[in-house]
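In the block that follows, a single chain appears as structure tokens, in the form predicted on its own.
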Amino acid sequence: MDFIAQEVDYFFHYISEVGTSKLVRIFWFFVIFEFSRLFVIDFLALIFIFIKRKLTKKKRKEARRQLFLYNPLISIIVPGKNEGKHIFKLVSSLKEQTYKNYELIIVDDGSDDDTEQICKSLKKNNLIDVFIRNEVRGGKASGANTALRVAKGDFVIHLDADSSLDRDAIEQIITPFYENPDVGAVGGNVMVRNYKETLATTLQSYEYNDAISIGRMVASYLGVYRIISGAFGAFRRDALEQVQGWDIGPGLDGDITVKMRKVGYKVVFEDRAVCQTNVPSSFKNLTKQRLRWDKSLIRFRLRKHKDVFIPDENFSILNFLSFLENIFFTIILNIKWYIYIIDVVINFPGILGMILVMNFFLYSCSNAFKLLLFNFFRERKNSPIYIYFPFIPLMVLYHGYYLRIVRTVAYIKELFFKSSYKDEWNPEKTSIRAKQIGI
């Protein structure tokens, strides 16, 4: 602590000596990219979102009225393996929904636990409408497409088995379809249920509460929203059929979003449609998850859907900007961060300790302001805001170093070795087939 105090004192003395321009030169990465993008732009966008909601309150109310007037059948599909322990909680949360006209379709993708027995018992008691058992595992995309083939609803909601919904979640996620007929898919707001379990789950809850939830609100408002979470997402049935359902993952949720956008549908985020889910409770499992997520960016956005960058008759400026924003703020800035580190090591070796401490201080202050300020724009709070304050400094390490290193490893593995095709998350046979046909 004495070392930090000394460095802070030295920093303020340094300010008085060198002036503002020199400080911007030293902390250019934070000022130009992190603060501008993750604080200023997000904050301004949230203000406009707040104003827009006030101005369109009647339109939202009318859309909800239309939903209940037409009362369309909603097909809720839940593909998964070894999810028996979660099924009853999911079914219970669905029974409490304010919107009642739905069918529940569960696909057991080759489970070796008691999923089959639990689901058959629930179906016998009319708590599950359709239960399908795949004896041989085909992967999540295969399970989702199997459910889609038997679904009868006008809209399809894809859920993870360990999800549970707020009472009004179904009506909230379907209402945007009645606000705008061009909407083909809606992403729900996924929050962390097990946030008290371990340090890893608490940091993820903070991340979901801040970077993910707020980030998706802003991206949706700007028209560049790029991923509908597989844990809770809604789709027009005809739109899903038009894009021929889900392709083999990992990253199938981001992939289906891109496919929707490419055929002309709008995709939006609905923060008022809340789903609770469990996140990895150890950093080992979290690392595996994030490696899978980050590899998918290379596999799908830079390979499979690279045609988004080609200005042909199907070119869309919003799709182009969505990809550009995703690639810039994940891949390009990841590279620029390493350039920044090399820059300060080479050009400012004498004050390197002060720079590291002050970067930590600047990011911590930014996180604290965001946590307080952005909280006013959240209509639904998952947990008391005060529980996150002790973790503000740790979030600097979590976001700035841990996730960045994981991202870097994922990009290298996928760019040079195409390692997503060897991921155990997918059955080997489906990955082999995906590689053969180039998806």
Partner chain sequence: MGDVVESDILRHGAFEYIRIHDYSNYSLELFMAYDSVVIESNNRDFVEKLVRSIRTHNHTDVYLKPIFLLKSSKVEDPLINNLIDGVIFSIDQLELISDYVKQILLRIKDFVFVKSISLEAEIISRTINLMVSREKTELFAYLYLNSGLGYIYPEASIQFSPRDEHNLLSILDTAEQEGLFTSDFNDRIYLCTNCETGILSYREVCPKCNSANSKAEDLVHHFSCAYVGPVSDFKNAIDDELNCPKCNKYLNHIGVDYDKPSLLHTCNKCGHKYQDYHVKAKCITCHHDNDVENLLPRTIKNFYLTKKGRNVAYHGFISTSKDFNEIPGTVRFDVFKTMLEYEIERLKQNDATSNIAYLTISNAGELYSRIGIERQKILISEMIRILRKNLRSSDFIAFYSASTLILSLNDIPTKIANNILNDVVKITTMLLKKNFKNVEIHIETFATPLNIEFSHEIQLQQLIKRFETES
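Positions refer to the first chain, counted from 1. Quick caveat, the model's predicted, so the values are computed rather than measured.
The form predicted in complex with the partner chain exists for this protein as well; it is not shown, and the discussion that follows is about that form.
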Quiz item: Can residue 142 be called a contact residue for the partner chain in the predicted complex at 4.5 Å between heavy atoms?
Solution: yes
Quiz item: Would residue 149 show up as a contact with the partner chain in the predicted complex if we use heavy atoms at 4.5 Å?
Solution: yes
Quiz item: Can residue 354 be called a contact residue for the partner chain in the predicted complex at 4.5 Å between heavy atoms?
Solution: no
Quiz item: Taking heavy atoms and a 4.5 Å cut-off, does residue 117 contact the partner chain in the predicted complex?
Solution: no
Practice problem: Please name which of the stretches 244 to 252, 338 to 346, 164 to 172, 218 to 226 has residues with heavy atoms lying within 4.5 Å of the partner chain in the predicted complex. | Solution: 244 to 252
Self-check item: The single option of 318, 365, 332, 136 touching the partner chain in the predicted complex, heavy atom within 4.5 Å
Solution: 136
Self-check item: Listed residue that, although the partner chain is not shown, lies within 4.5 Å of it in the predicted complex (heavy atoms), from 293, 131, 309, 88
Solution: 131
Practice problem: Taking only heavy atoms into account, state which residues of 254 to 290 are within 4.5 Å of the partner chain in the predicted complex, ordered by sequence. | Solution: 259
